[in-house]
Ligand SMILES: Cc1cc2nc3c(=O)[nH]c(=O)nc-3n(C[C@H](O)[C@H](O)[C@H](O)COP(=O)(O)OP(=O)(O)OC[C@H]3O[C@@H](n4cnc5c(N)ncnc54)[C@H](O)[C@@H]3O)c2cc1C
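One chain comes next, on its own, written out as structure tokens in the form predicted alone.
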């Protein structure tokens, strides 16, 4: 009888112990993944997710409009190189929850994935919305509470979290906090970087936010004043918005880092943007910051050798115009031919050697990135040297309640192609497990 009494009494005390409270702030992939990991602790934790927007996953849904590129299927050693100088810090996170784990996770939600011809991984129906709906349903079933239209304002003097809500300013106490507030791009979807001064006031180690996977403004063409940076009115009015297809970009920066890739990009009213430009954007951006400009080489005919191009340029053209000759012999017309006339002087156009060299390596000088809010993603944010291996903020020491960070607000960047989403999921997964470890669960 006494044993039964003690057992029942202990059980009653355990049931009466309130769950620990964790606040997840930010409803993108990183925040939602952190919430899912935390919810696995069951009744030991109360998980509440806050977001300033009316609904979660807005950037995730927009990114999936043309087909949700979840991750990439290339081997790990090549995959990790896509993270450049942050590959060492991200490697253990992605090793724990990388492309294979992400595909298995989607499959468990009832979303089958497939590998496209270029190695990109997509949901079978190519859509983001069904995956997000299934995910949110699973999170709600696991007990995650959602508080929308709650904009984080920082900390109160007593350490509570402050939010601006439809009901006015509210305070929330938590035993741990996960921040997954995004970077500085696409502010209209919630990633506005407003968290930077809040963390700076607390002494958190930060790197300035910069555009990544971004477009660039070009320098003035030869013969035009420097003040008239950008394409000529003639070129811009006729070719802005048109793509450069089957071209290649080469670039080596002042630190010796090199890039060469074939692909496509687009001429804008003042410069260039698109997938091929995004792939080299971090190198161009850093070179501009260091030296005021960066010049890449554009190969207009990457499938032809320099010798082949020179032979065709030198071929007698009779009474044909040079434009007709280039179209006939090299199939070079439209925006590609216009680019030559835009960037080369008359003397260079008339010189077969210089013209052939330009077709294979046309110098394009860029002088500024487009604004960060136009960028696909951003670099900079919470520095890894201010966090531990579980993404808990350690600078300043003793910040309370324990603070973890995840997603694009961390100081890393990656090209498009599934690498961005993979690292966001992986860091959210790591932060969630970091909180469980910190709370002894």
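Worth saying up front: this structure is predicted, and the values here are computed from it rather than measured. Numbering follows the first chain given and starts at 1.
As for the form predicted together with the ligand, it is not shown, yet the points below apply to it.
Exercise for review: May I ask whether 29, 68 and 192 each come within 4.5 Å of the ligand in the predicted bound form, counting any non-hydrogen atom?
Suggested key: So, yes: the whole triplet contacts the ligand.
Review point. Quick one: does residue 178 come within 4.5 Å of the ligand in the predicted bound form, counting heavy atoms only?
Key: So residue 178 does not count as contacting the ligand.
Review point. With a 4.5 Å heavy atom cut-off, would you call residue 376 a contact of the ligand in the predicted bound form?
Key: Judged by the heavy-atom cut-off of 4.5 Å, residue 376 is in contact with the ligand in the predicted bound form.
Check your understanding: Is the gap between residue 411 and the ligand in the predicted bound form 4.5 Å or less for some heavy atom pair?
Key -> Contact with the ligand, no.
Point to revise | Contact test in the predicted bound form: residue 39 vs the ligand, heavy atoms, 4.5 Å | key: Heavy-atom contact with the ligand at 4.5 Å: absent for residue 39.
**Study point:** Stretch in contact, per heavy atom within 4.5 angstroms of the ligand in the predicted bound form, of 149-157, 323-331, 253-261, 348-356
**Key:** It is the stretch 149-157.
Review point. From the list 239, 265, 105, 186, which entry has a heavy atom within 4.5 Å of the ligand in the predicted bound form?
Key: Flagged contact: 186.
Practice item. Pull the contact list for 413-429: residues with a heavy atom within 4.5 Å of the ligand in the predicted bound form, in sequence order. Key: Sequence-ordered list: 418, 419, 420, 421, 424.
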